[in-house]
Structure formats: C-alpha cells, structure tokens
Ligand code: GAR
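Here we start with a single chain on its own, the form predicted alone, put down as structure tokens.
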C-alpha cells in the first residue's frame, strides 16, 4: 500500500477528498498530515481519522530533521493541498518528482508568490478572463513552476464573485486531485 503525506494550512477539503478516495480503493493511505497552522481545520480531520499530524513553524523548523521525519513514512507522494508556504529547496531536492500541488488557476497565469485562494479568483475576475480552472503540477524550488500534470477548466461567469468562482474551482479540485494521485501511483506499481 502506498504512503501519502499531505501538507495543508486550511480547512482540509482537498485532504478530506483524498482520504475518502484512499478509503474507497485501498491502494494508498494518508500516513501523515503536516500543517503550519495549529488551528487549521485539516488537523481536526487528522484527529477524526486517526492520522498522525505534525505542526511545523517556519521560524523554528529544522529542515534536516523534518526531512528525516518525512522519510520515515516512506511516502510515494507528498501532496500539497492548500499549503501556504514555499517548500524549501532541501525538501524539493530530497523528494524530487514526488511532491505535487494543486493551484486554483490555469498556470502559468495567476501563479507565484501571493497567488492563492481568493487572491487568484479576484485577479482572474478583475482581468476579465472568460475561463479559469485548476492546475495540478509537480513542485520544484520555484512557486508554481513545476511541470504540469493536468489542467481542468471552468467558465468564468459575468456575475461571478471570488466566492462563486471558488465554489466551481473546489468541485474541480475534489474531483481531479484524487484521480491524478491514483494515476501517479499506478505509474509506481
């Protein structure tokens, strides 16, 4: 069975979708959840699902120790699901080709530092885009520049707000992220 590690900073809706997928197919399990926010909703999910979790602090993190802890779980993939930090180069280097992220826009547009959540949706709407979507990509040492694995599109409607667009984007995320994970794990079998 494949071991997955999820990094998340927020409510954990993508983490919940991935955990549900794991329960349905028995091909993988979420072995660890890592968060940088002690009050993140994803930690409630971890507790309810009896998944070990780790809270890290950007100012006190010891990267070599974290890498050692992550390696102890033998992850097939490390999955960023709303994690709000840039992953240090020591970690992307150690786990090259094993870290994936989901971004709420069609990269390379609307990516980079500060482009997350409602900031992305507001920028898309303000620019008058007719289309948005999600990008699932590998993570490297630069924000949102890793090789793209999959993009899925949705229309931007004239009356959209960042919240209404986010609702459609979340549906795409919850549908496609587990399927991409399944595809990538099948390549490892």
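Positions refer to the first chain, counted from 1. Just so it is clear, the structure is predicted and the values come from calculations on it, not from any experiment.
Just so it is clear, the following notes concern the form predicted in complex with ligand GAR, a form of the same protein that is not shown.
- Taking 91, 106, 100, 115 one by one, only a single residue has any non-hydrogen atom within 4.5 Å of ligand GAR in the model of the complex, and it is 115.
- Mapping the unseen interface onto this chain, residue 81 counts among the residues with a heavy atom inside 4.5 Å of ligand GAR in the model of the complex.
- Contact annotation: residue 23 falls outside 4.5 Å of ligand GAR in the model of the complex, judged by heavy atom distances.
- Under a 4.5 angstroms non-hydrogen atom cutoff, ligand GAR in the model of the complex lacks residue 179 among its neighbouring residues.
- Residues are counted as partner-facing when one of their heavy atoms sits within 4.5 Å of ligand GAR in the model of the complex; in 159-180 these are 170, 173, in sequence order.
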